[in-house]
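This document opens with one chain alone, in structure tokens, the form predicted alone.
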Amino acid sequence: MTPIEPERPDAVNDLTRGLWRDNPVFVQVLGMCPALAVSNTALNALAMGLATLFVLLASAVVVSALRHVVPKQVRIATYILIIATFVTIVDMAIQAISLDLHRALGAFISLIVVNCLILGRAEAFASRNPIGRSVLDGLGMGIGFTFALLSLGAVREILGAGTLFGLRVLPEAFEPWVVMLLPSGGFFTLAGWLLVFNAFQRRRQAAAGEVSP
């Protein structure tokens, strides 16, 4: 017989769903524009991931709180307005903290507004669930997205410049793979992580499906 895994509580599922099983980048393949464009360094990837996490979490709270108030006919326009408000806050905050980082991220900060991950979670989850569950879902998805971007950025920066967060981690004799800092390097790195991620998931599924003695 196939062993039956105990069903986890909703709160645990809401939080962990985006971290692994439904990771926005490595499983759902969402938000590819910022994932590939700004992940040339670990710092840029982390900054974009945290910015998206904040917008995702804040918009989930507001959308959930207003789910019984917003008319169905204008719900998408309302969600976009809510998301755009928090994106503006993030844009101004990054600009105040570091002009260099703001220039490095460029227009991709504003493009968080049209990130299908954020609008999708607002429509599919936050608008149908209470604030508590929406917070956990937004937090899980945001951390999963940040983890994915950081994974891409770390590999690209290490191989492309021999550094991590600006600190040298490879010997001076290492010849940087400049291609990793170019857009094509983002596709190579994403393909590699997808292979690793899918292989690990297959092994987990195979282990869970083993026949018990």
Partner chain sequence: MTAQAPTSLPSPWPMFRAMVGVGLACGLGIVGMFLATRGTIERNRAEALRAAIFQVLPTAHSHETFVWNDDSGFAPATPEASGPQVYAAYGEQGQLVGLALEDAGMGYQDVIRVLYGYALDAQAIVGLAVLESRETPGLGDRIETDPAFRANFERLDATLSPDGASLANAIVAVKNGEKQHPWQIDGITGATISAEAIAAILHRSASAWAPRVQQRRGDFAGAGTGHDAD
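Computed from a predicted structure; not experimentally measured. Residue numbers count along the first chain shown, from 1.
We do not show the form predicted together with its partner chain, though everything after this point is about it.
Peer 1: Does residue 164 reach its partner chain in the predicted bound form if we count a contact as any heavy atom within 4.5 Å?
Peer 2: No, residue 164 sits far enough from its partner chain in the predicted bound form that none of its heavy atoms falls within 4.5 Å.
Peer 1: Would you check, heavy atoms only and a 4.5 Å threshold, whether residue 69 touches its partner chain in the predicted bound form?
Peer 2: Answer yes; at least one heavy atom of residue 69 falls within 4.5 Å of its partner chain in the predicted bound form.
Peer 1: Is it the case that residue 127, even though its partner is missing from this view, gets within 4.5 Å of its partner chain in the predicted bound form, heavy atoms only?
Peer 2: Flag for residue 127 set to yes.
Peer 1: Using heavy atoms and a 4.5 Å limit, would one call residue 181 a contact residue for its partner chain in the predicted bound form?
Peer 2: Yes.
Peer 1: Looking at 61 to 69, 144 to 152, 184 to 192, 22 to 30, which one sits within 4.5 Å of its partner chain in the predicted bound form if you count heavy atoms only?
Peer 2: Only one stretch passes the 4.5 Å heavy-atom test: 61 to 69.
Peer 1: Using a 4.5 Å cut-off on any heavy atom, which residues of 136 to 173 would contact its partner chain in the predicted bound form?
Peer 2: Heavy-atom contacts within 4.5 Å come from no residue here.
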